[in-house]
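The chain that follows stands alone, in the form predicted on its own, written as structure tokens.
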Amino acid sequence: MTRDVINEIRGTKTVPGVCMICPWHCPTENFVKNGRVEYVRGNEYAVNATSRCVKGISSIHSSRDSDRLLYPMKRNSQGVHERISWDDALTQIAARLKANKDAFGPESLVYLWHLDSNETFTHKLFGELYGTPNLSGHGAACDQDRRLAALETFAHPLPVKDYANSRFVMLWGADPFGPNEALHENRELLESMKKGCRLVVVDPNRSRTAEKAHLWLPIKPGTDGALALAMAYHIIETKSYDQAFCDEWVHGFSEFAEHVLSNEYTPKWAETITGISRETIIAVADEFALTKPALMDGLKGLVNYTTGLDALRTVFALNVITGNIDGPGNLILKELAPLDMPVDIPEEAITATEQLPLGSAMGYPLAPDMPTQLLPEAVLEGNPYPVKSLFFHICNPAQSDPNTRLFEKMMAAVDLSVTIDIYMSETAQLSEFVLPEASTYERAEVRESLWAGPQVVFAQPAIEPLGESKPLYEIMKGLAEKMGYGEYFQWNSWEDWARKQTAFLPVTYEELKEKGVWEGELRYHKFKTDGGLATPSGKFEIYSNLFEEMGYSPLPGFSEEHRIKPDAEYPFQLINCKMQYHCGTHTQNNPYLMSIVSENWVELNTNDARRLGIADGDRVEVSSPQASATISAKVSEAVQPGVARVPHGHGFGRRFGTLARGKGTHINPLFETRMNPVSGGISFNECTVNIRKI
């Protein structure tokens, strides 16, 4: 049904939008009546115009939630947040920022965000004008290992998947049918499977995706790298790789082959480590190498271990040596749209700092995003240099990061802390200043989506912001004016900067505004027509000279040197996973989603539960060397013995919101600070616990 027909039936008007619940940024249509968003669906003009997932459809509640932040707040001397005016808030923050810059340098400011909503304005104000090198997304708590592996192999941070044309798909620690992100990709995979595409899932748990797979490999937690290397060994030994492709387009193939063979990463070697039989390893390696087109990829189940980076480097190498890259049915190196910057800063106004970004200065020079687990050290000890000002935009590390007590200690010690959010999150409660942002329905966005080709999503405000909330671009403009940079942030309305940002698209502004989306051609094998890749060699690099220069192994291996494993005192490995009906901070105060699932739980194998006298629904205490937590138990055959799985470990046990407060269990205090030694990605799944019935 077209948007015009819906408008006629419902008496609504359509405003193009974008969903910001998860990072896929699906293009949407918002149907508005009398200043209220009544309905939302996928944009009919978009190639990925699927109907919305349950989280996206339910997100209209954020436009009317009575628990929303409505006014700027400041914590008083008694620790209570009180309402203040925007002028007072911005004036005080600007003055404190100037004082800290004068005393400690621009690098003393750290700014963290989650879904990079309009962060271009942040980069212009804080990165170029103020001069801090410490602006970062939340990658350390998400896909840090995958992005670093992709950057080093492909010179591309976010390869996406062309399920529609694939005949063989192998997913490592990824559960797309579980949290139901990338809905258009999921539907493509299901349709492809109906046409004969084989799906293999590598996961310690029988996830929703594993349930639909033709083959589930219940691997031992954290050993994916050994399995991938064994597959590479067999493919190289049997010469079933794509020799012609490797000769022309692969840098380091001979070194990789010698490395795999000389270290004897055999299927027999991997069998004991992974729990997957050598016969199965050989059969899957043969099927992947001989089926074209094919793809393999990994996510949370790999990156949440200290072994994750090398595991993904090997997974990407397997795609490359078989010639399964950037073609139909492969991993796609997404092409970006020709967007301009919404704000230009002249070169003479840019502030340069001599200090390295915090991650590099702390020994993680290759980390794509700041290793946020190191932030408390910088604040509390001034190492490697003082950090005095912290900004958090739509991110909530007080809930989402491990070692919660250390984070709280840091927040009590830092000189200036500011949270920009639509809710009074746990991080906001610990901050001195809290600034209310307009919801995604109340602001403009010019976004690049995660569809495989170049795609611009042009979201426009559907309704007026609630209370005194403001879009981030207006908050940055207000701060710029108070900081003396107002001349660079001049616009009368959001359309002024939106016109500039979209000026190079091959479509008129009026057409883009009407449709809300622009798409370019999905091109395959771009490296063949565009003069190679952006890597130093111009080829796919499975031997990393940059890793070697930085003192790391240029080739992926497998070592459990840094891993934490269960023992007699803490016999369970605690791992986390995403939940289908919730995502991050905001969904737990949504009545539609909470009516479906209102708590999280710990999932135990049937035999483990029987041995401990635990029945389905019992309350149990989960204890690590760090802390203890009480949570409900769920008994299941979907988890392996010795594994305890907590869905959405950072999403429950909230301290805000009428519906969210107190529901479920905040599990992250149980985790210590553990990171991949190269990427700085957080190793959430390396936590051992004891479990007892209460």
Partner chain sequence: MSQYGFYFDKEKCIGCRACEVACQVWNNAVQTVKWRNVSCLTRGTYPEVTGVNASLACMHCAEAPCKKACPRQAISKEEDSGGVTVDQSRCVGCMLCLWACPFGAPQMGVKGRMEKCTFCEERPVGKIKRACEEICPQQAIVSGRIEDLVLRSKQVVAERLSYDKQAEVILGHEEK
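Positions refer to the first chain, counted from 1. Predicted model, so just to flag it, every value in this text is computed and none were measured.
What follows is about the form predicted together with the partner chain, which we do not show.
A heavy atom within 4.5 Å of the partner chain in the model of the complex is found for exactly one of 212, 96, 525, 292: 212.
Of the residues given (208, 409, 83, 278), 208 alone sits with a heavy atom within 4.5 Å of the partner chain in the model of the complex. Proximity of residue 385 to the partner chain in the model of the complex falls outside the 4.5 Å heavy atom cutoff.
Among residues of the shown chain, residue 662 is not one whose heavy atoms approach the partner chain to within 4.5 Å in the model of the complex. Among residues of the shown chain, residue 641 is one whose heavy atoms approach the partner chain to within 4.5 Å in the model of the complex.
When the partner chain is considered in the model of the complex, residue 13 lies well away from it, no heavy atom lying within 4.5 Å. Partner contact region in the model of the complex: 40 to 48, out of 624 to 632, 40 to 48, 65 to 73, 662 to 670, criterion any non-hydrogen atom within 4.5 Å of the partner chain.
Taken together, 113, 357 and 645 are entirely out of contact with the partner chain in the model of the complex: none brings a heavy atom within 4.5 Å. Scanning 570 to 596 for heavy atoms within 4.5 Å of the partner chain in the model of the complex gives 580, 581, 591, 592, 595, 596 in sequence order.
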